[in-house]
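Only one chain is included here, represented as structure tokens and corresponding to the form predicted on its own.
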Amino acid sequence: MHSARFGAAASAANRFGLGARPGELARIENNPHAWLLDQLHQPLDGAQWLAGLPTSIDYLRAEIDLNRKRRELRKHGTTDKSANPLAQLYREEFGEDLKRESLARWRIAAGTETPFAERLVRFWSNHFAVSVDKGPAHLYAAPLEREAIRPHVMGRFFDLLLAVETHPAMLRYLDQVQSVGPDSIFAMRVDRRLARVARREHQPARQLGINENLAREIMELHTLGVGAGYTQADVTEFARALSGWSLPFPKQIQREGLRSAFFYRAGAHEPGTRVVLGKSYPNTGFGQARAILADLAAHPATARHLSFELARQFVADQPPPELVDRLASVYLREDGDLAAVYAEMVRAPQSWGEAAMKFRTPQDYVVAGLRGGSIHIGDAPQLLEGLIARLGQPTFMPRSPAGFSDLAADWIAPDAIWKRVQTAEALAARVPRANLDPHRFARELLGPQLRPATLTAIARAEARQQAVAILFASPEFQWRV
């Protein structure tokens, strides 16, 4: 095998992909660039694992039924003081579905034949982060990835952005469903009713109003980025334009034939013209915020922000500025065509330089072990979920709209490394040992990136399982080089 080509193949599989599988480097060594580029034009893997999972509309309907049962439970009470009957109801209603969601995601990661494309799905899922520790969004993070991100990952950024911002996961996570224009028809009706109640109960009257969370995170995290020159007034104006973006009412959800989990409530929209980043947007209802979103997607600051994040994910924590410039230029020239940006990143020489390397996050690390070790997932994802939770990256729980960090400094503390050693042992215990040659196994996964010291340690291992654990715990397996 030609070492230079084999090294590029290792980078393609391990840095651009989700981790090499036995025999993969040999299959792609003749043209690893073409292997990556081909994935931009293939259907995404995973249909067989995602088939039959509930849609967001299914979950919305199930929540209505759950809330009815909760009201009955509260009405009649319970005699079992040691149990949490409300939590038990939730587990009975959604426990199996949530397990299936987790299992499908692990199976796709471990078995996909398009790992570069799958890493892109995960990149955007983290870019548009929803944290399931916020109860109202708990059921919808996985559907957000399935329904909004996967179908648009190779398309135009604006289409991806619109799909995400109108998804129940984002609308609930960032409290957009609570945002009502204070001068809207709906607000005036509700305020009059609340005022009557307040007078009767001698309490101050409450008023509905704008929630700025979604507008702020779209500008700060999803599009322009911090320091792009927008002001608090821009955020407020955008939030007013977004008022009315919500979910269907329960009666609408229960109707047959409901096609979308998004609903524009015209009566809750704040009337008036909005001015964002110096441009005036007339009151066209839903179209007002949509037009702002389109201009944000096309903004040069967005092009640079997204290009930097992509280069940081796939190349280095501090990516070469010239690479970021190249990607941003393609983004603007191609009207936000994401596949064109990905292709430029693969072709750019800066993506293959000596400084190109990334430390594996916990999820990356466990997925690479599954793929490299040909580990059977089985039907119980709890062990894998437990491993990544212990390593500090539980699925869909970044606890911040900024998502999980992908910087080495945030994952490389001594305690974290020790936990990875323990994880290496847990993964190695599940690697099939029949006909396993540890020396050949190590070279198949890392190629010329494998260090002599690691090969020596593998050779001295007393058992094949220990040899695999040494490989998984080695520095070169921890890094995507």
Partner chain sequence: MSSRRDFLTLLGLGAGASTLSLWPSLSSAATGGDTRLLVVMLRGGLDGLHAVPPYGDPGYAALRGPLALSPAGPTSDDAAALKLDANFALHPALGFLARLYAQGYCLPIVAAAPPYWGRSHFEAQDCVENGTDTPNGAETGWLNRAAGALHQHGMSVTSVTPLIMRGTSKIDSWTPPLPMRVNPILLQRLEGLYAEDPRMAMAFADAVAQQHADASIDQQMKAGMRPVGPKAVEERFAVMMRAAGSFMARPGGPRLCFVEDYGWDTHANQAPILARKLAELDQAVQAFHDASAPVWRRTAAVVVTEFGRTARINGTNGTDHGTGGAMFLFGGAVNGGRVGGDWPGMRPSQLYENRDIHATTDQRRVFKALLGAHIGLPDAVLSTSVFPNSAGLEPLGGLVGSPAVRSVGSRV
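Predicted, not measured: the structure shown is a model, and the values here were computed from it. Positions refer to the first chain, counted from 1.
Missing here is the form predicted in complex with the partner chain; even so, the following discussion is about that form.
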Handout entry: Partner proximity in the predicted complex: residue 411 to the partner chain, non-hydrogen atom cutoff 4.5 Å
Key = yes
Handout entry: Heavy atom of residue 156 within 4.5 Å of the partner chain in the predicted complex
Key = no
Problem - Partner contact for residue 141 in the predicted complex: the partner chain, 4.5 angstroms, heavy atom - result: no
Exercise for the section: Give a yes/no on whether residue 397 approaches the partner chain to within 4.5 Å in the predicted complex, heavy atoms considered. Expected result: yes
Exercise for the section: Report the stretch among 403-411, 108-116, 284-292, 339-347 that approaches the partner chain in the predicted complex to within 4.5 Å, counting heavy atoms only. Expected result: 403-411
Completion exercise
Only hit among 27, 433, 451, 440 for heavy atom within 4.5 Å of the partner chain in the predicted complex is 451
Fill in the blank from the handout: Picking from 151, 271, 386, 95, the single residue whose non-hydrogen atoms come within 4.5 angstroms of the partner chain in the predicted complex is 386
Exercise for the section: Report yes if all three of 220, 469 and 474 come within 4.5 Å of the partner chain in the predicted complex by some heavy atom, otherwise no. Expected result: yes
Exercise for the section: Sequence order please: the residues of 359-376 with a heavy atom within 4.5 Å of the partner chain in the predicted complex. Expected result: 359
